[in-house]
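Only one chain is included here, represented as C-alpha cells and corresponding to the form predicted alone.
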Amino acid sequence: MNTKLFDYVERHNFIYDLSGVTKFLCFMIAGAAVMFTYDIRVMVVVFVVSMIAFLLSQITFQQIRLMVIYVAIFMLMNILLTFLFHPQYGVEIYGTKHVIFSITERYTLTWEQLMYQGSKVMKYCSIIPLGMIFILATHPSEMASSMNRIGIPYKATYALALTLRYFPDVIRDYQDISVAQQARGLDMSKKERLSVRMKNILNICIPLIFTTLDRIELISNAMDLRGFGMRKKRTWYCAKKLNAKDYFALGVCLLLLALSIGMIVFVNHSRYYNPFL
C-alpha cells in the first residue's frame, strides 16, 4: 500500500473501528495520566499501552517519518537545554547526589539529573503514539464531529479537519513543482552550494504559495455557497456511535489515569518517584 505523509488511509482493525470521540478522549485521558506524574513506572505502563495501540493501528513509518524527525529534534534540544541551564535540577528534586562524572563544578552529570530528564523524555514517548493515532487513524470529518460532540466549536473543528485534508495536497504540489523545476535545470542536490540550494527552494515555494492561495479561495467560496457558519450548530455526516470496543478503550485509559493518581496520592505522596532514598 502506497501511503503518503499525513494521508488518512482507510483500514479495518481495532483502532480504526473506534469512534473519533473515543480516540480523542483516550488521547486526553492518557495525556493527563502522564502529565500529572513524574513516576517513570507509570510512564512505562502508558508507553507499553500506547505502543500496543500503535502497532494495532498498522500506521506505516512513511506516514509518521516527518513527525518522528521533528519530535526527535525537539527532545534532543530539550535535553541539551535543560542540562545547559539547570544541570542540578534533579539533585534539587530528589534531595541526593550520585555523581557519574564531572565536567566542571557546575556541569556535573548525576544519576538524579538523568532520572529527571529521562522521565521528561518518557512523557513524550508515552503519549505521542496516541496523538499520532488520533491524527492518522481518524477520518478528518469524523475527527471534527467527535471534537464538536465534546463541546469544541464546530468552526474550529472544521478548520482542523480542512487542515489535515490539505496537508497531503500541499506536499504533492511541492513535489510536483520541485520535479518540474528540476527538469528545467534547478539542482537541489548536495553538489550545489547551500546558498544556491536555498535560492532554488525559494523558486519552488513561491509557486506553491500562489497555488495554496488559489485553493484557499476556492474552498472559502464553496463554504460560503453552502452557508457555512450561518447557524450555531450543525449536523455531521461522518459520526460513529460508541460500542463495546469504545467503552473498553476508554476503560483502559481511565485505569491508567487512576493508576497515575493512585501512585501520586497513596504510594509516592508526590508527583515524583524517588528511587534514591
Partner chain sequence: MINERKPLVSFKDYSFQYFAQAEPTLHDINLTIYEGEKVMIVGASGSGKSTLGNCINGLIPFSYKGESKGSVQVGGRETSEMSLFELSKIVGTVLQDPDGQFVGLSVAEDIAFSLENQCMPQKEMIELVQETAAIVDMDRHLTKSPFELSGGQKQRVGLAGVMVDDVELFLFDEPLANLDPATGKTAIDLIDKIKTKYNKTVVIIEHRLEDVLYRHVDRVIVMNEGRIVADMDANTLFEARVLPPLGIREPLYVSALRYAGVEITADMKPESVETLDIPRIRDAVIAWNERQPQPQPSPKREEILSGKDIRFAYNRDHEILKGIDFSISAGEMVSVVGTNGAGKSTLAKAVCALVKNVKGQFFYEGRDISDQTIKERAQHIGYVMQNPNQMICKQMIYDEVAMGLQLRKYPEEEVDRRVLAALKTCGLYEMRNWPISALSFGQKKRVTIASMLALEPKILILDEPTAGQDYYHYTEIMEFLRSLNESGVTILIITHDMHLMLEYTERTLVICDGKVLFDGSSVHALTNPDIAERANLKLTSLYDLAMKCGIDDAQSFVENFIHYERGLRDRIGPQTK
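Positions refer to the first chain, counted from 1. Here the rigid core means the biggest group of C-alpha atoms that line up within 1.5 Å when the two forms are laid on top of each other. These numbers were taken from a predicted model, which means no experiment stands behind them.
What follows is about the form predicted in complex with its partner chain, which we do not show.
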Check your understanding: Applying a 4.5 Å heavy atom distance criterion, does residue 211 contact its partner chain in the model of the complex?
Key -> yes
Exercise for review: Classify residue 87 as contacting or not contacting its partner chain in the model of the complex by the rule of any non-hydrogen atom within 4.5 angstroms, answering yes or no.
Suggested key: no
Check your understanding: Any chance residue 140 has a heavy atom within 4.5 Å of its partner chain in the model of the complex?
Key -> yes
Review point. Should residue 102 be classed as touching its partner chain in the model of the complex when contacts are defined as heavy atoms within 4.5 Å?
Key: no
Practice item. Would you kindly say which of 41, 245, 65, 234 lies with a heavy atom within 4.5 Å of its partner chain in the model of the complex? Key: 234
Review point. Just one of 52, 35, 69, 238 has a heavy atom within 4.5 angstroms of its partner chain in the model of the complex, so which one?
Key: 238
Check your understanding: Where does its partner chain sit in the model of the complex: which of 159-167, 93-101, 75-83, 117-125, heavy atoms within 4.5 Å?
Key -> 159-167
Review point. If we check its partner chain in the model of the complex, which of the residues in 149-187 reach within 4.5 angstroms of it by a non-hydrogen atom?
Key: 158, 161, 162, 164, 165, 166, 168, 169, 172, 173, 176, 177, 179, 180, 181, 182, 183, 184, 185, 186
Point to revise | residue 95 C-alpha shift between the shown form and the other one of 2 Å or more, rigid core reference | key: no
**Study point:** Shift of residue 221 between the shown form and the other one at or above 2 Å (CA, core fit)
**Key:** yes
